[in-house]
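Below sits a lone chain in structure tokens, taken as the form predicted alone.
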Amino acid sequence: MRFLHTADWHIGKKLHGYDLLTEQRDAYRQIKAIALAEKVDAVVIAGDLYDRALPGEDAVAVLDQMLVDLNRQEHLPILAISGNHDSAVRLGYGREWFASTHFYLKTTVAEGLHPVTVGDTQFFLLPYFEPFAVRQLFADDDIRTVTQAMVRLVAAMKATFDPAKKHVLVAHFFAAGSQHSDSETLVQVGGLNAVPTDLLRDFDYVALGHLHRKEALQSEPTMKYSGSPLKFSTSEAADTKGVWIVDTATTPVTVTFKPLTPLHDLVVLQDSFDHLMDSQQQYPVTKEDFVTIELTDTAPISNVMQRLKTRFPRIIELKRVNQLTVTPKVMTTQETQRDPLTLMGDFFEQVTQHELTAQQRTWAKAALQAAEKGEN
């Protein structure tokens, strides 16, 4: 069979205060178009359908529209799990009758042990979990870590493997190679320790969610993060977002990446303030794109954000590339006796490596006069 692997939709997420529902609807339209063009037999969503455990009404309506469209209108089976951003209880409401339309939504660890069979493939749908849930499931107080939990879970899943079928694990956690230093194995992502990929070798494909970059497991040809459909942070600005098409007819399975084109991109611009404000300077952005500005200037700039927004309305971050390291100057007794305006000018030049402009000197003088009047 052939299926589409996606994850981390985070419906309802905001990007530095900007609503992303329009961008999320557009990403969904592209995912649906890929699914239809590739004639997939099912769509896998590996967790974090919502961005919050208590999503807003608009987010609930948008996700409902997407799922109904895929499942009821296009008659595509959906295999989905809850992620760490989802409320398993709220998301899982109604899942027992969802299965009547081939919408398989699993939100508890116990459900992940019983495969869903579609075509020639058994799907094990393992939602995000904490070790205590597995400890309770197996009534085993020795299960304390995620690795110990996965050893038991994988063994239980393998016991139900049909040798005549392919086996796919859908999960939402941080997976890493087994060759780690002690410090690396202590790293946590989203509250969950790394799961050694060696534990997952018996699956023909592992469809992962949780990390937002498809490159997270580059060394694993049949274990993939789909990444998020949108760029959700500046660190993802250079990423290409998309989905995986997985074909189980081959051994090993065939995996092909299909990119998505952002409706409104997230772009990092590094330049001086004067260049950024120069209408003759062209940048690869539109008025609707999200922009992080990395200023190369060292001088202070008044109302810098407001002025930059006249050209780039959707700035999400403003950074300084060339931060100055200032060593405080030791002043002599005579120097400390100078008039306040001179002292202010010297301090300003020491910190910024620029002299006060005539306008700044006028403002400083007026401020000092007002302060002196207030003391009298």
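The first residue of the shown sequence is 1; numbering continues from there. What you see is a predicted model; the values in this text were computed from it and never measured.
In what follows, reference is made to the form predicted together with another copy of the chain, a form of this protein that is not presented.
**Student:** My question is simply whether Q282 lines the interface with another copy of the chain in the predicted complex - judged by any non-hydrogen atom within 4.5 Å.
**Tutor:** Close contact is absent here: in the predicted complex, Q282 is far from another copy of the chain, nothing within 4.5 Å, heavy atoms only.
**Student:** Does Y93 reach another copy of the chain in the predicted complex, with heavy atoms at most 4.5 Å apart?
**Tutor:** Contact check for Y93: yes, within 4.5 Å of another copy of the chain in the predicted complex.
**Student:** S100: heavy atom within 4.5 Å of another copy of the chain in the predicted complex?
**Tutor:** It does: once another copy of the chain is placed as it appears in the predicted complex, S100 has a heavy atom within 4.5 Å of it.
**Student:** Given that another copy of the chain is not shown alongside this chain, does V89 nevertheless sit within 4.5 Å of it in the predicted complex, heavy atom to heavy atom?
**Tutor:** V89: contacts another copy of the chain in the predicted complex.
**Student:** Give me the residue from L308, V60, I316, M344 that has a heavy atom within 4.5 Å of another copy of the chain in the predicted complex.
**Tutor:** By the 4.5 Å criterion, the partner-contacting residue is V60.
**Student:** Looking at S272, Q148, T222, N71, which has any heavy atom no more than 4.5 Å from another copy of the chain in the predicted complex?
**Tutor:** Looking at the other structure, the residue within range turns out to be N71.
**Student:** Among 124 to 132, 81 to 89, 165 to 173, 203 to 211, which stretch sits within 4.5 Å of another copy of the chain in the predicted complex, heavy atoms only?
**Tutor:** Result of the contact check: 81 to 89.
**Student:** Does anything in 41 to 68 come within 4.5 Å of another copy of the chain in the predicted complex by heavy atoms, and if so which residues, in order?
**Tutor:** Read in sequence order, the residues that approach another copy of the chain (within 4.5 Å, in the predicted complex) are Y50, L54, P55, G56, E57, V60, A61, D64, L67, V68.
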